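What follows is a single chain, given as structure tokens, in the form predicted alone.
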């Protein structure tokens, strides 16, 4: 059998894992700075928790987990594919971290203090067609706050985006809009009953262009007249241009007011990255109700590397009404690809091996083992080649591991207590005792 992994998943080498951990640790520091607390949820959720929360297209991308046991005896008697699915699958891999978070809030409502601010760094799974920047298994780094309607949360999340990407060295544009504005556009165009079809079409504008959006809306039986009204409103360049166009829509006007409040606060904040209003921003997920966010990298061709928004009704699905929430997500895997392309990762050698000890014979190996303990006690990442085989083989291993330093131990070294300490980059080597070697490595 030839070994392989599922399409859309990847193995990661030690070097890649160190780089990914750099992203996670950098973002974690920002999240904690703003008062967010960590939680984790299971890889699998009940299908009833996941289905119906992401729209029809999202439901199709859910990975369903086959039940264990002799279920097929019952399943063969069923004549409906949907019934068959519910009979043989009652669990699924989580599609995102937001719906599981809403479920968590409802289940732990007596144990948490509102407003509740959480961050979560875990993998999610989607049955997308794999391509560059789109994987079936990928990590999300989320921050959410529930239990408050305050638009200061939107301002703070914008700051988290700005600071997080600034610390990573990624130059981005943060786009902001509001789902109420989209609802207002649908109302003015007379297609409130086709809101989702319009929204999903607009959300694809960057990929298919305005003509593609027009065709998609017409394909959903939206009239030419309504499509023309939508196109005309989408030409608005800023909120001042947009407000009179939505004056006849109460919900649309409310969306403009909310965004104006957010931008008024942001005018008082010092930001590194550009933050703009983008009327074409839609975000396809059905649970968004207010402000929505999307982040794109300015210096690399990649889809969105972050997104999120307000979801004031999500916990209500699980029986807990009136718990507003808002959050954003950093797409770690796409961020990794962008940083790799732009060579933005710092040297991660501090997370790798710092020194390897090599010994000529068994007595020297035993002596080197004692030196190894002192190195590790001094918090130096060190290892001893496991056996005193041919020195050439040991050196080949040290070179392959890219160890910055090696320590060589033979009869002369163990007799004198002065070990041969070699800098692998410069080639310089000197005789030092173990204490001096520790000082040298640390400096």
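Basically, rigid core = biggest C-alpha set you can superpose within 1.5 Å across the two forms. Numbering follows the first chain given and starts at 1. All of these numbers come straight from a predicted model, not from anything done at the bench.
What comes next is about the form predicted together with the RNA, which does not appear here.
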Problem - Site test, 126, 131 and 399 vs the RNA in the predicted complex, non-hydrogen atom cutoff 4.5 Å - result: yes
Completion exercise
Of 306, 100, 309, 252, the only residue with a heavy atom within 4.5 Å of the RNA in the predicted complex is 306
Exercise for the section: Consider the chain as shown here, without its partner, and state which of 140, 159, 315, 153 has a heavy atom within 4.5 Å of the RNA in the predicted complex. Expected result: 140
Handout entry: is_contact(residue 65, the RNA) in the predicted complex, heavy atom dist at most 4.5 Å
Key = no
Problem - 4.5 Å heavy atom contact, residue 420 and the RNA in the predicted complex - result: yes
Practice task
Considering only heavy atoms, tell me if residue 175 and the RNA come within 4.5 Å of each other in the predicted complex.
Solution key: no
Handout entry: Contact label in the predicted complex: residue 425 to the RNA, heavy atom within 4.5 Å
Key = yes
Completion exercise
TL;DR on 24-32, 37-45, 385-393, 372-380: the one with heavy atoms within 4.5 Å of the RNA in the predicted complex is 385-393
Exercise for the section: May I ask you to list the residues of 316-340 that have any heavy atom within 4.5 angstroms of the RNA in the predicted complex, in sequence order? Expected result: 331, 334
Handout entry: After fitting the core, residue 333 CA displacement of 2 Å or more between the shown form and the other one
Key = no
Exercise for the section: Inspect the rigid-core superposition and answer whether the C-alpha of residue 156 shifts by 2 angstroms or more between the shown form and the other one. Expected result: no
Handout entry: Core-aligned C-alpha movement of residue 216 between the shown form and the other one reaching 2 Å
Key = yes
